Structure formats: structure tokens, C-alpha cells
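Only one chain is shown below, in C-alpha cells, and it's the form predicted on its own.
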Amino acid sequence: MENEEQKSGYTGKLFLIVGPSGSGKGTVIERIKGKYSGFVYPVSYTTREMREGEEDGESYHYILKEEFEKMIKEDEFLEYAVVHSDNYYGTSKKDIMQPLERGAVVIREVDIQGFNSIRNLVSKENLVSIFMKVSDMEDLKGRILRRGKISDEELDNRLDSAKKEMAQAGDCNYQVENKWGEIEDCVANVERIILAEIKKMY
């Protein structure tokens, strides 16, 4: 019954940029954000440590595991998951549902676990999913390694997760390939999809 209540009465549109770690989700959203400041870009919560160059409240809200688990108990997340067998990541329910209720365009990056959770809570009329594809696993491995030093174990975990995610790419409404060195083309393709879907709202 709660799901049905959450599905009804919303006039906005939620765009989920879906894909594995290293596929370029964050880069695409940052480029879109630079052009369309009027859209809503919710910030995730995570228990992972802040990396060099990151700021709290920009890419993520960085909180302790105890705080995250308290938010779970209080039903504050639209979706959450343990990623790479280590840290919690989650999307605040109010950060998504309140803008949708007032008719806003919301753009959010998620992995496939997040997508699977959210599509059960947000109606098809209010949801558009765009999967970010890469050329192959070697390409993805190179992208992950370029982002900073990580352990061999974490790299293996991310690549294993990526294989599972890419197998579900067809569940999304659209698939856009992010070829290495052609980010502008990728962003333009995502932008076209978003603008075409917004037109359907009116």
C-alpha cells in the first residue's frame, strides 16, 4: 500500500543515470548540471571515506555507519545498498519525492541495485532510466585505475559488480555508450534524451 501511495500524485520526472563504477555517470551529470541549474540534483549519502579533492555535500553526504543505520531504521531512504561488500550508499526519500511532487526534473546517478529499488517505488510515468555503457571490461578497468589508487581486491570487486550491472543494461529505457575520449558526444546524447522526455511532460 505504501508503494502505491508513493507512486500517485507526482508530476515531475526522475532521470536515473545508471551504470557501473567508472562508466562516467558523475561526469555526465556534472556537465548537465553546468547547463541546467534549474534541475534538481540530489546528493547521496555514504559511509565510505572522503577521497582527496572531495567535499562533503557535493558528491556525497559523508556520514558514519551508525548514522546511516539510524536513517535506515527511520525509513529515510528511497533506496540503499552495501556496495563492493564494504560501504553503505543511499538516496534520501525526501530529496527525490518532494521535488517530484512539485513537478521538478530530478537527475540522479545510481548503480543497478539503486535502479531496481527505485523503479518499484516510482511510477513509469515519472521515471526515465539511462544506462551508461563502456566499450569493454578492459576499458572500464583503465577508467577505474585512472581515478586513483585502489587495492587489487577493491578493483576485482568493482569489475565483478560491473559485469552483473552490464548484464541488466537492457532493463533501462535507454543505453548510451561513453567511448573513451568522446565524453562530449556522450553528454550530448544524454541531454537529447532528457530534453525529449521533458517535452512529453507538457
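Given the structure is predicted, the values throughout are model-derived calculations rather than measurements. Quick note: we count residues from 1 along the sequence shown, nothing fancier.
Another form exists, predicted in complex with a small molecule; not displayed. Remarks below refer to it.
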item: Proximity to the small molecule in the model of the complex, single hit among Val83, Met97, Met71, Leu121 (heavy atom within 4.5 Å); value: Val83
item: Interface membership of Ser21, the small molecule in the model of the complex, 4.5 Å heavy atom rule; value: yes
item: The small molecule contact in the model of the complex: Lys25, any heavy atom under 4.5 Å; value: yes
item: is_contact(Val110, the small molecule) in the model of the complex, heavy atom dist at most 4.5 Å; value: yes
item: Non-hydrogen atom contact Arg158 with the small molecule in the model of the complex at 4.5 angstroms; value: yes
